[in-house]
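Shown below, as structure tokens, is a lone chain in the form predicted alone; questions about how it binds or moves come after it.
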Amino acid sequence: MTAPAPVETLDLAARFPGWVTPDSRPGYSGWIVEKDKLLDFARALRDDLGYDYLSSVTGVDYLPEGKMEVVYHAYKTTGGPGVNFKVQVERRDPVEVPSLVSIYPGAEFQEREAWDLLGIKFTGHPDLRRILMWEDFAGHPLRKDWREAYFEEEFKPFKSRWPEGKFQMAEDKARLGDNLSFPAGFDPRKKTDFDPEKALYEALRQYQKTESGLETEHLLVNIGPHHPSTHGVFRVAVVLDGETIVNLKPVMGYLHRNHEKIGERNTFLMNMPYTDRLDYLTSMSNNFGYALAVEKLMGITPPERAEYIRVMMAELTRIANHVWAIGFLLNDLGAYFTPMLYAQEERELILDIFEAVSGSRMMCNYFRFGGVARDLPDGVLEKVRDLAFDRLPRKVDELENLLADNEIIRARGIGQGVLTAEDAIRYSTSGPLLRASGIPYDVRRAEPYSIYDRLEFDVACRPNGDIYDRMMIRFDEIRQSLRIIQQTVKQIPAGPIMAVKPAYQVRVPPGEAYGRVEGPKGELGFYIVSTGKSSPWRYHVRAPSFINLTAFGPMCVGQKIADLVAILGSIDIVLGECDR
């Protein structure tokens, strides 16, 4: 078992006098950086101090104070705690902050998201377009003064629902029967000269010309959003030279629900079942990350038994996700449904356990602040023991034997869609995508949470960063998850499952917190700002499916169009988490 990295004490104010000051607000931490010095600070942080991995970029609108803030979380891929640094600017139009894409390319999609939803303009960004809303959307919906067409109240539960109990169709209040707001004088039923695709196609024209020796005309092809191999409503715009990809832009947002706006209207506890709907295949892990963030603010630690149950459920979730990911990758490679059905049988047995403990197979809503909703029912621990010690090890070996030496899988996977170790870090990838490129970075080891620091397991790692290694690392991770589950089954203590008395309304002190877990698809993080009221002031999700797609274009350039679907499948995305 690898020991966690020692805690490093940083005095950035002394190192960067005049550039950096500590964040002295009650309940806050980290460092406030002068806007004009942000690029120099970030470069020094990466090159001199070794914080080579920019994990999260979050915009926050502090409307009462008349300012906006961009919050960054950076880490070392060698492990250890991170650095939380911020830039504050006056809340006026335009709100401008220097882009960090030239230093941390993994900020590209996250800065576009902050521009789209909060109207923070990142100067120097190579492709600053909307990313989740459509191009002619009016306004920036996460701003605190933005109101949807049928706005009723700022926070839930709305008085018309409780205690008055009046039912109404909110859409009936809107002019066009939908949740849309338009600029003054704009009529969506009339033709305009606006071309929403223009910005996308202009961005696609920026590519390095290939020297093939042939006179070829580059071809623009759109795949999706309604395509069976895009893993949901996801679109890919591709420029081709013959059959070779020379540029690629993912287009997402078709499933966007403004999850974070909803989260800032809900009470803290109301948000727990909403996290289930992010990556709807990994409900338990989603609950885990959100619970950690709020528990940091509340200053509570779950009892021992609850910690063991949480880890057990999280690792069962990882196994269920990975067998599904392997099955769907084979689907993308043309094997159709046979491998997926092999995988589905094992996943269904895990979902039986989730149903027994939570009452639901997919949307579990099982975690609570300070523990879990209920204890393990009689017989469940025995079912987990049978799966972890007997059936799953055998079935995983069987599935790997069927796939690992298959000549078609090897031909389509080895050396295809390569993501180098350097690029995996630069593009802020996480999870199996990062570790299959030779970077042994896992949040459970790099910055342990819950009881992971006392459990024996290895960080799975593969060296080649290709489609094949991204499939095989999921087998490796399943085996490590089985080791963890076996230990939790043997060691789980008796005792309570909640640190506090269950309540419909929890008191969350003012401040900020970032809770992150190693989800099946990578680092899942929740950045929460509390003002002491019943709802979060800011609720932001660091979604691995979304951020891992930052590397999708670079991975595909130079590949054949036939390999695009296989590369996408090897990343393993779920659009519910990507679009939120």
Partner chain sequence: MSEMYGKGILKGLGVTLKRFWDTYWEDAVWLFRQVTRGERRYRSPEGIAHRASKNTRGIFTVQYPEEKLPVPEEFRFVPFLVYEEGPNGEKVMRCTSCGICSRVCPPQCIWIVRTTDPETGRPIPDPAEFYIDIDICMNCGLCAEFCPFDAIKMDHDYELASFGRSVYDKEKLAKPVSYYESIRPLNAARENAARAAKEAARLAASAKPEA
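Everything numeric here is computed off the predicted structure, so don't read it as measured data. Numbering follows the first chain given and starts at 1.
Keep in mind the form predicted in complex with its partner chain is missing from the figure; the text below concerns it.
> Three residues, 161, 167 and 408; all within 4.5 Å of its partner chain in the predicted complex via heavy atoms?
Yes, because 161, 167 and 408 each have a heavy atom that approaches its partner chain to within 4.5 Å in the predicted complex.
> From the candidate stretches 303 to 311, 343 to 351, 89 to 97, 457 to 465, select the single one in contact with its partner chain in the predicted complex, where contact means a heavy atom within 4.5 Å.
Selected range: 343 to 351.
> At 4.5 Å between heavy atoms, is residue 491 in contact with its partner chain in the predicted complex?
Heavy-atom contact with its partner chain at 4.5 Å: absent for residue 491.
> Flag residue 394 as yes or no: does it have a non-hydrogen atom within 4.5 angstroms of any non-hydrogen atom of its partner chain in the predicted complex?
Contact check for residue 394: yes, within 4.5 Å of its partner chain in the predicted complex.
> Though only this chain appears here, would residue 390 touch its partner chain in the predicted complex if you measure heavy atom gaps against 4.5 Å?
Yes, contact at 4.5 Å.
> May I ask you to state whether residue 243 is within 4.5 Å of its partner chain in the predicted complex, using heavy atom distances?
Looking in the predicted complex, residue contacts with its partner chain do not include residue 243, since no heavy atom lies within 4.5 Å.
> Only one of 416, 487, 84, 360 gets a heavy atom within 4.5 Å of its partner chain in the predicted complex. Which one?
Of the listed residues, the single hit is 360.
> With its partner chain left out of view, which of 451, 373, 204, 499 would have a heavy atom within 4.5 Å of it in the predicted complex?
Looking at 451, 373, 204, 499 one by one, just 373 meets the 4.5 Å heavy-atom criterion.
> Hey, which residues along 500 to 539 are within 4.5 angstroms of its partner chain in the predicted complex, non-hydrogen atoms only?
The stretch touches the partner through 502, 503, 504.
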